[in-house]
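In C-alpha cells, the next block holds one chain alone, the form predicted alone.
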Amino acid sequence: MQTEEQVLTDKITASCQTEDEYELVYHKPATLVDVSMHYCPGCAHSLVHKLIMEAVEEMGIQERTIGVAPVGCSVFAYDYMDIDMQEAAHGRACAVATGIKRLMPDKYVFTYQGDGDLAAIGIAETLHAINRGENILIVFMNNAVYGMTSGQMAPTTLPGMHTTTSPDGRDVSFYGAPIKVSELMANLPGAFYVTRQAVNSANAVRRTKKALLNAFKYQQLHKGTCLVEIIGNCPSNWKMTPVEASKFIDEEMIKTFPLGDIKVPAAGDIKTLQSNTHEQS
C-alpha cells in the first residue's frame, strides 16, 4: 500500500508528464516588476496596474512610456510598473505630466491618481490641464474614499456613505453632492476622450482594458486629453469583504457614477488613427 508521500509524488509526476498538453492562456505582463503587490485583498489598484501594463506591453511602448504617480495608494505604482515613473506632489500629477509631455512629445505619458488626490487637492491642475488639451492620459481611480489615510470622506463619497469623517453618512445638504469628475471634465474643449469604467467583474475588466488601450492610442493623434475614470473598490475602508465590495459597486456606486463613454472621438479621428496604425504595420 502506498504511503501518502508516494501518492503525492505520483500525482506530481503525472502532472509533469501532461504539462505539454496544456495551452498557455494567460501570463503576467513583462512590463510589471516581478514582485508581490502589497495592496489589501480585493483592492482594485493591483488589477488596474496589470491592465495598464498589459496595454503598454501589447502596444510595444514600454521604453516610450512615462507614468506620474502622486500621493495616496497610487504612489506605490512605481514599485510595480516596469517603466519610467515620476512621483509628483499631492494633486500635482497633471502639472508634472504636462511638463514631461511638452519636453518629450514622442513619449506616452499618463497619470495615475486616486479620487482624493485628483478630485480634491488636485482638481485645479486636472481641470486646467484638460482645458489646455494636454496630450496625456489621466487614469482616475474612484473608490469614493481616501484610501491610504484610513478612509475619510472624499469629494466622490456617495450620499449617505459612512466614512471616518462622516460617521453618520454624507449629508449632501451639509457636505455637498459627490463630484462627477468625468462629466465635469468632458465639457472642457480640451477633453478628447472621457469614459468611466469599472473592474468588479470579468466583463467590466475587459471594457476597462479596451478603454485604456484606446486612450494610449489616441495620444498618437495629438488631439487633447484622455480621461479614463475607473470605479474601484476599497474593501478595507468600506468595511466589506471583497465580494461585498464588488456587489456594492453594482448596487450603489454606479447609481451616482454610471458607467460608459461620456465623450468619444469623432469618426474622422478614429479613421485617421486606423490609417496610421495600418501604415505603421
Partner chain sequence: MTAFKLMKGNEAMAEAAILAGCDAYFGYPITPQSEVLEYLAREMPKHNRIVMQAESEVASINMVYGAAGAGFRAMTSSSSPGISLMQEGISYIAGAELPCLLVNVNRAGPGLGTIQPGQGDYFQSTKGGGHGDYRMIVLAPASVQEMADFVFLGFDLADKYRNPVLILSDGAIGQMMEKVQFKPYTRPVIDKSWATTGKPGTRNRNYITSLFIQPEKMEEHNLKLEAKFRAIRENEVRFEEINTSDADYLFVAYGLSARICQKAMDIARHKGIKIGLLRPVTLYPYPYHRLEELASQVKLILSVELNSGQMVEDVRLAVNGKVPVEFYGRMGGMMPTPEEIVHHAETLIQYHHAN
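Note that this is a predicted model, so its numbers are computed, not measured. Numbering follows the first chain given and starts at 1.
Although not depicted, the form predicted together with the partner chain is the subject of the following passage.
- The stretch from 120-128, 190-198, 177-185, 161-169 that comes within 4.5 Å of the partner chain in the predicted complex, counting heavy atoms only, is 120-128.
- Listed residues Asn214, Ser236, Gln62, Ser246 were compared with the partner chain in the predicted complex; Gln62 is the one with a heavy atom within 4.5 Å.
- Within 4.5 Å of the partner chain in the predicted complex, a heavy atom is found for none of Ala202, Leu259 and Lys263.
- By the criterion of a heavy atom within 4.5 Å, Val96 is counted among the residues contacting the partner chain in the predicted complex.
- At the 4.5 Å threshold, heavy atoms of Ile66 reach the partner chain in the predicted complex.
- Interface residue remark: Gln152 is not counted as part of the site for the partner chain in the predicted complex, having no heavy atom within 4.5 Å.
- Contact annotation: Met141 falls outside 4.5 Å of the partner chain in the predicted complex, judged by heavy atom distances.
- If you take 90-107 and check each residue for a heavy atom within 4.5 Å of the partner chain in the predicted complex, you get His90, Arg92, Ala95, Val96, Thr98, Gly99, Ile100, Arg102, Leu103, Met104, Lys107, in sequence order.
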